[in-house]
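Take a look at this single chain in C-alpha cells; it is the form predicted alone.
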Amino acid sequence: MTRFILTVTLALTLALGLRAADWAQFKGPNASGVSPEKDLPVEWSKDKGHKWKSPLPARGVSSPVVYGDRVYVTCSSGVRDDRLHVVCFDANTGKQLWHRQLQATGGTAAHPKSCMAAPTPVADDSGVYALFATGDLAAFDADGTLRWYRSLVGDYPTVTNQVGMASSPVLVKDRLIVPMDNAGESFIAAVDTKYGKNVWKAERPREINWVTPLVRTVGTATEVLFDGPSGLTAYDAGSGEQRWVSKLTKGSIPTGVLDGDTLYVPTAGVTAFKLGAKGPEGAPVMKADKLQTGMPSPLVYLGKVYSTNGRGLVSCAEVKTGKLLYKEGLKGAFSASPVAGDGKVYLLNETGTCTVIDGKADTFEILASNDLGGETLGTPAIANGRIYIRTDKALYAIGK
C-alpha cells in the first residue's frame, strides 16, 4: 500500500509540475492542506516568533502561496473594492519585491465578509497567476512583469455572482484550470499558461459554487475533479472531455480531500469514497456524520479527519472507521481551513488566534494558542519551515 501511495504521489507531483516543499496553490499540494516540512513552529505572538512581518496594501481573504523564494499575495481596495493588487515578497526576508495593480472590469458585489481578493493565486517556475472575484485574470512573471491579462467578464458578459466568487485556479503542467461557476455563464476552462488563451472550455450549470478543483492521475490520463451543487464531474485535463459524473456528492463551499485513491467530501459530515477509473466505486468506505463542517475544507492527516466551522467547533474522527474521537469548542469562528505538518495541526480562527494541536494524539491536546490579532480569513501556507499567515493588514512568516 505504501509503495502504491508513493507511486501515486510521485505521478501526481510530476503531472502538476510542482515541487514537494512548495505551497503553490490553495491549501498547498493538490489542496491537501498537508506539508512535508519539519521543525514547524508551535508558539508565537504579535511580538515574537516571527522571521519577519511585512505590511499589506489592502485587505484580502485569499491565502498566501509560496513558490521557491517568493511569497505571493492578492488584495483588493477602493470605495468599490475595484482596485486589485498582486504583491510579491522575498520568502526569507519579507522584503517586498514588487507590487502590481489592476483596475477591475467585473462587478464588485460580495458578502461583507468577502472581497474581490478571495480566490487564492497559484504559482510555478514562470511566476504567479491571479484570479479575482471580478473575473479579472492575470499572469505575472517572478519579477512582476505582466505576461498576459484577461477580463473574463469582458469575454463572457453574463458572468455574475452577487455574493462574491472564491473558487481558486489550479495548474496542470502548462495549463491553468479556471473554475467559473456562477449565476450567469458558468464554465471550467483550461488556459494555456504562455499566452492566456483557452485550450478548452466546458459548460457548467448556472450555479454559485466556491469549490476549488482537484487533480488526479488515472493511468496515462490526468483528470480535473470539480465538485458542485449538481454533483462531482471529472474532466480530462488535456481535452476537457467529461469522463464521468457522480451525484454522490454535491459540494458548494468546502473543497474535498484526495488521499491516494480515496476522496473525502464534506457531505453532512465527511464521507469517503474509493475512486476507480469511472468515479466512486460502491458504497462509502467511511462516513463520519458527527463531524461538524462549515465553510472551511476538511483535513485528512495521520489517520484522522478534521473539520472546523463557523461556531468555533473542532471535530476529529478516525479515517478507518469514521468514529468520532472528539468535538471541542474554541473561541471564535473559523473561515480558514485547517492545515498540518510535522505532527501538528494548525487551526486559525477569524480574529488572528491560531490554536496548534497535536496531530499524533487521539485526544484533543492543545500545544499552544497564538494570537496575532487582526482579521484572518485566509488559510495559512506552510513552506521553508515556516507558517505564512496573512491578516487584513500584514503578512507574517512564523518560525525561523
Partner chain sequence: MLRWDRTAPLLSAALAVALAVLPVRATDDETTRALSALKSVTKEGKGNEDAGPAWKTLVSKGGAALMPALEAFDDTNPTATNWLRAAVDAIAEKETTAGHKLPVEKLEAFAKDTKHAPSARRVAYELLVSQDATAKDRLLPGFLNDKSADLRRDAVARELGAIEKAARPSLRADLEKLFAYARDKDQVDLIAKKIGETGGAASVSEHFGFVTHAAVVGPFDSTGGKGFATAYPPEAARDASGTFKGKGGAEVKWVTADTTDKYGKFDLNRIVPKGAAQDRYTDAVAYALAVVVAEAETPCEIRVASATAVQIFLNGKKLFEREEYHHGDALDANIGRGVLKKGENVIVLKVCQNSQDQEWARVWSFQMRVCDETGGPLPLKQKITADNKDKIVPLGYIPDAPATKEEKK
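In this text, all values refer to a predicted model and were calculated from it rather than measured experimentally. Positions refer to the first chain, counted from 1.
The discussion below concerns the form predicted in complex with the partner chain, not included here.
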240 to 248, 310 to 318, 92 to 100, 290 to 298: which one contacts the partner chain in the predicted bound form at 4.5 Å, heavy atom to heavy atom? 92 to 100
Residue contact check: residue 217 to the partner chain in the predicted bound form, 4.5 Å heavy atom: no
Quick check on residue 113: any heavy atom within 4.5 Å of the partner chain in the predicted bound form? no
Given that the partner is absent here, does residue 147 sit within 4.5 Å of the partner chain in the predicted bound form, heavy atoms only? yes
Whether residue 328 contacts the partner chain in the predicted bound form should be assessed with a 4.5 Å heavy atom distance threshold; does it? no
Of these, 282, 205, 303, 154, which has a heavy atom no more than 4.5 Å from the partner chain in the predicted bound form? 154
Select from the listed residues 324, 163, 142, 253 the one whose heavy atoms reach within 4.5 Å of the partner chain in the predicted bound form. 163
Those residues of 64 to 89 with a non-hydrogen atom no more than 4.5 Å from the partner chain in the predicted bound form are 79, 80, 83
